[in-house]
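Given as structure tokens, the chain that follows is alone and in the form predicted on its own.
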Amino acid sequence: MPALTRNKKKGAKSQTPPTKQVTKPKTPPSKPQTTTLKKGAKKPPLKKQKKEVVVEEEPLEDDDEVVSDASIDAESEELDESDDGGSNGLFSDDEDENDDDDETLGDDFLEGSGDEEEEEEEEEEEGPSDVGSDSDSDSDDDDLVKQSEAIDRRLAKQKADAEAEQQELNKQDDSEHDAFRLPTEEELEEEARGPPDLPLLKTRIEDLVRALKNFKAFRPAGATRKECVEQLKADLGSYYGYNSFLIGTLVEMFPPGELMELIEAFEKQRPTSIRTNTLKTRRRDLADVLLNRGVNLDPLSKWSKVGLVIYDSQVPIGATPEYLAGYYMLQGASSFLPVMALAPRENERIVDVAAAPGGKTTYIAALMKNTGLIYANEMKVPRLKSLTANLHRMGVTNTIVCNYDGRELPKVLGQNTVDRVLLDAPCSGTGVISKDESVKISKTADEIKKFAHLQKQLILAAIDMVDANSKTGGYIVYSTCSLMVAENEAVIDYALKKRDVKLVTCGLDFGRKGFTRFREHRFQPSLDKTRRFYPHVHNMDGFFVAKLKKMSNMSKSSEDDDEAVETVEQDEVSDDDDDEAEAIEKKRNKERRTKSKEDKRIKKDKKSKSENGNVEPKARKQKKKRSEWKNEIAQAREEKRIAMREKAKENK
């Protein structure tokens, strides 16, 4: 072989091993060798190249002379390399030498792929390698410890840099805070003369919110917390267009940071959502059809199995063939919640007190699978048209539409006659400002009180209709699209006092708990089972949901109920509503007459019990008088007849 002859010739001349390729794989490279490779342009051979080298030198191992010469020369070279800074490790087996060579080559290869500067720094930190170590395991452990220490130093340095940056930012904030102060009365008068300076108001609102979050640290010079709150109310009202009552109520309900999130959420429209009509189709099939029509949609959320959210559409979402066929209903996500809390069952009798335009009623019918009976009541006649149209379009067949005042329904349908009642009460609409911005300036404290009184009457009527002995029902769900405590928690607390009902869980896994205390008001602890939903938290309209269970058909009514009803009627009477005032007066007169009759009967019964002996003679006297009158009348008639007969005879 040519390789053998070449090596033999070289061995005869210089008496050294043929090439360094044979000795390199047999001696483990040390760390100084790796540094020379890093500084030079050449890199250690890859695995494929190493295998080729081993294959070329296999025939040399068969020749005894070459091996002996190579071993002698290898020892001499190892001594030379140890003098130059190499390692003095001696190995007996060729297999162990090959394995160690593979490991060192892999380490060299990985180290060569990194940045040279970082490696040099690590080597400086680690220090020179120990020459003549007893085993490789000890050196590896030392290397790992040193590397971990280097990583710890690096992390500590990064942490120190981050803290320095944070301190600089805090200094900048402090400098800005020092410049902030409340405007004087003269400055406020000048602002009031001209149009509002929106950029100035925006920056001042941000500064006030920041100061109120941590008033101790960012307190404006010479200002109290009350002054900052009053200034924030004024600025928010002028910037976003709220009246003083509504913005003041919101400031009392929410902390400054959350208040800003809520107000900003009111300025944006909520996403459009639709509800699949399970009486006609499935959500998956409906989604496929609408996607083919160019509608970009997604499932509404994990808590709803029938909802879809619409992002954009190439066709009008309220005029598609599927909409006209009744496959889905345009409905806000918050309107799903009362029906889910009601949880109607098949073959039940259910009342929807305020049903128009029919979104909740059709949802109830779908859950009941068109079984049982639903009374869909609506007080306003113009809204009956949309209610009936949606019921026909959605294929609902178990519903009766009626037009009554919700307070009169117990007299019409009867008390203790239905299984469940849904009362989505009329309210101020302070939770849907994004749909109707006129709420910002139109609602006042007097209107909130009127709505609250009406809601108290309606919830008492709803409770009276429910049968507490129902096998499957006995539940009342009360909901509003308002954020006011007077329309939500106060109404439920009133119902708990006046009727034998208790609050139960709504069955909704999300939503914030209701208030158990607000300002000077203290409500029952069970009100934490109610749920509130906010646009800035749940990305839906502001909503309130409560679920009541009727425990017995006995009511806790007393004279206080009558007084409350009278105050409600007095508050609802206005100069414009003459017809309603007349109707209320008639009701009062009837009630007074019935009370007066009952009082007279009670008095007569008392007299009869006290004067048992005198009752019979009085009755006999009355009978005698009646008989005398009859006799007188009969005599007068006979006298007239006699006179008539005499005249007739004379004429003949």
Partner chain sequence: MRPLDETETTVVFEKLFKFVGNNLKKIVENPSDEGPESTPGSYCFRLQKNRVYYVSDALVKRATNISRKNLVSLGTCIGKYTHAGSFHLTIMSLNILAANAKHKVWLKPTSEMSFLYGNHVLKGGLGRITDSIVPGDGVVVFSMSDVPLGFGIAAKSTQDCRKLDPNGIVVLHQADIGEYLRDEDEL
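Everything quoted here is computed from the prediction, not taken from an experiment. Residue numbers count along the first chain shown, from 1.
Beyond the structure shown, there is the form predicted together with its partner chain, which is absent from this document and is the topic of what follows.
From the list 498 to 506, 260 to 268, 388 to 396, 235 to 243, the contact stretch for its partner chain in the predicted bound form under a 4.5 Å heavy atom rule is 388 to 396. If you check its partner chain in the predicted bound form, you find no heavy atom from any of 476, 544 and 552 within 4.5 Å. Between the options 324, 221, 217, 151, the residue in contact with its partner chain in the predicted bound form by a heavy atom within 4.5 angstroms is 324. None of 442, 472, 347, 434 but one reaches within 4.5 angstroms of its partner chain in the predicted bound form through a heavy atom, and that residue is 347.
The closest heavy atom approach of residue 156 to its partner chain in the predicted bound form falls outside 4.5 Å.
Although the partner is absent here, residue 280 sits close enough that one of its heavy atoms falls within 4.5 Å of its partner chain in the predicted bound form.
For the chain shown alone, residue 407 is not a contact residue for its partner chain in the predicted bound form, no non-hydrogen atom being within 4.5 angstroms. Its partner chain in the predicted bound form is not approached by residue 523, whose heavy atoms all lie more than 4.5 angstroms from it. Contacts between 336 to 374 and its partner chain, taken as any heavy atom within 4.5 Å in the predicted bound form, involve 347, 349, 370, 371, 372, 373.
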